[in-house]
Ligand SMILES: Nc1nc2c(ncn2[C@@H]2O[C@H](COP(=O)(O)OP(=O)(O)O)[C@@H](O)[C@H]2O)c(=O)[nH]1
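We begin with a single chain expressed as structure tokens, specifically the form predicted on its own.
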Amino acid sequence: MIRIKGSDHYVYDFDEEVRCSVRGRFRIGRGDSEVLPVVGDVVEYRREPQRDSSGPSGLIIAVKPRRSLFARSETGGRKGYRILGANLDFVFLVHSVKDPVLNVRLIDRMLTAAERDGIEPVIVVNKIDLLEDEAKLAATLAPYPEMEYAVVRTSVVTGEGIGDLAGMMEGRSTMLAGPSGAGKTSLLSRIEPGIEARISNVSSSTGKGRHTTTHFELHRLSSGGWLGDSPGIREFGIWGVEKETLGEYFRDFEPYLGGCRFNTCTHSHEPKCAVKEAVEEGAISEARYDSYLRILESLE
């Protein structure tokens, strides 16, 4: 499924978009096949009589098991979580060096969610043409390659890193996610020239008239892959993680897990904690540990 517009769910089937409705039983949610469909899902549907002149119609009857997803908790104090995309090969975490400034705490939150949900994250540092302090950026990013996270520096102005990103997307299902203003849509347009016109056509058919990213949808790439542009993220809450297991989603903590005095150690206040000792010895960066503590405090 490539996008959702109100109650309409658009399914891509052999080069054809089919506008589908959803069976009421999905709202029951008693089994995996009854979860509400989200963008990226592989679904079963049946053709229905065409509703109007806008194209073929159908009814979604089942959702196939998901091999990965990317989700965050609801915002504004609301309970539950929101799936941003399903069955993705990579999620590109797009952050800029300036306007807005690079936020490593937000990066660490998004990395934690990707680790929890079984999807490979790639850190994209955009607007690299605006970089003023190379040494500072290098020091900030240093922990991530050591944890075997891919880091790609990009600029839509100079073209740096665009080819690398395009190569990673070829033949795969991926999404761009990050804060507003980081340049996700500009990257999308540089990677796939002409896509703005296609997006504009879709937006015009829904009455928007122009492209403003207010929801997640997948766009077909000429390389054969799918790329999604998501709304800007202002806050990113972690769901489905217990305080005692949060450390399992921090790659740099992994060598020290199991070495603590207590099996239920949260690596915060407990004595003889192997993770805290690693921080004191400089084996784990203080910035990463600070991100961990902030996420820990936010968990219920």
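This structure is a prediction, so every number in the text was calculated from the model and none was measured. We number the residues from 1 along the sequence you see.
Although not depicted, the form predicted together with the named molecule is the subject of the following passage.
Exactly one of the stretches 137-145, 183-191, 81-89, 113-121 approaches the named molecule in the model of the complex with heavy atoms within 4.5 Å, and it is 183-191. Using a 4.5 angstroms threshold between heavy atoms, K127 counts as touching the named molecule in the model of the complex. Interface residue remark: V156 is counted as part of the site for the named molecule in the model of the complex, having a heavy atom within 4.5 Å. For P179, a non-hydrogen atom is located within 4.5 Å of the named molecule in the model of the complex, even though that partner is not displayed.
Contacts between 56-73 and the named molecule, taken as any heavy atom within 4.5 Å in the model of the complex, involve no residue at all.
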